[in-house]
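Included below are structure tokens for two forms of one protein chain, each presented in isolation as structure 1 and structure 2.
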Structure 1
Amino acid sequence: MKKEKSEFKEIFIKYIEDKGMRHTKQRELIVDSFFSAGRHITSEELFNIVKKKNPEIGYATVQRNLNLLCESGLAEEIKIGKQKTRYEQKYGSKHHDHLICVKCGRLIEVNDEKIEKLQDKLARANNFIPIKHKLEIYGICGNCK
């Protein structure tokens, strides 16, 4: 019974190797934990998860590897208001926007193809080549109404 390697891991390993970097136990643990954790995690939360599995691991290493995940395109920073930066998984999920509850802070992922198209049109109408975008809608979620 062969143990399948998740695709995000292959992508990450390729990224690491292409840059002449090395594969380490810490790296593997951090990346695995990141992808099996919630979709919007802080470095501190990830550190706490990782520490349980390997108490030797340092905060700096978690931060560094989260940064690496961002550079590789597998993760992305989300900064909302004064909150700590959260890291979002970018693998295995297509682009989406966020509804952000101003009461409980919940993040809801949404997508609307029509909006995407109009955004592209809007950019081009301004002689602007769009690369990516971020849409955040703040309001009150169903739970908090």
Structure 2
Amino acid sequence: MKKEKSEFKEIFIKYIEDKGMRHTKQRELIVDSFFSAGRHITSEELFNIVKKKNPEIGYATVQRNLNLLCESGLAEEIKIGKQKTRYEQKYGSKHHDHLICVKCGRLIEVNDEKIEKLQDKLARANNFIPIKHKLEIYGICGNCK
């Protein structure tokens, strides 16, 4: 895990430096906090975590760095209807799809090899080369039934 974490940071540092941006302690704290969260997180939740460690950091700084994480391919936005956007780590994470509760917003990560094979079969049958995909199934979770 430690190696994976350092790789994540190295990729991000290279990405921002390639864009002509500086590597700062604030940026490192935001990236470390995001990576350590271990869950789908909103920008507000990440801001609250970071703010406890460094009260000088503003919300806009956290949001800008989340956007950079997404641009770099290390994170991905998950938008669920009118709920707040959540972010999830992509680097080092295995492919998965989501079951999403429309009442409470709970996200359940799922993966089924049969569905993955069916998607590949559908692509081949239509002479289509998939680059990426995501499956989101909306419904009511067990807690909200």
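Counting starts at 1 and follows the sequence of structure 1. Take the two forms, superpose them, and find the largest set of C-alpha atoms that agree within 1.5 Å; that set is the rigid core. Computed from a predicted structure; not experimentally measured.
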Could you point me to the form predicted on its own, 1 or 2? 2
Rigid-core frame, C-alpha of A123, shift of 2 angstroms or more between structures 1 and 2: yes
Check the Cα of I140 between structures 1 and 2 on a core superposition and give its shift in Å. 3.5
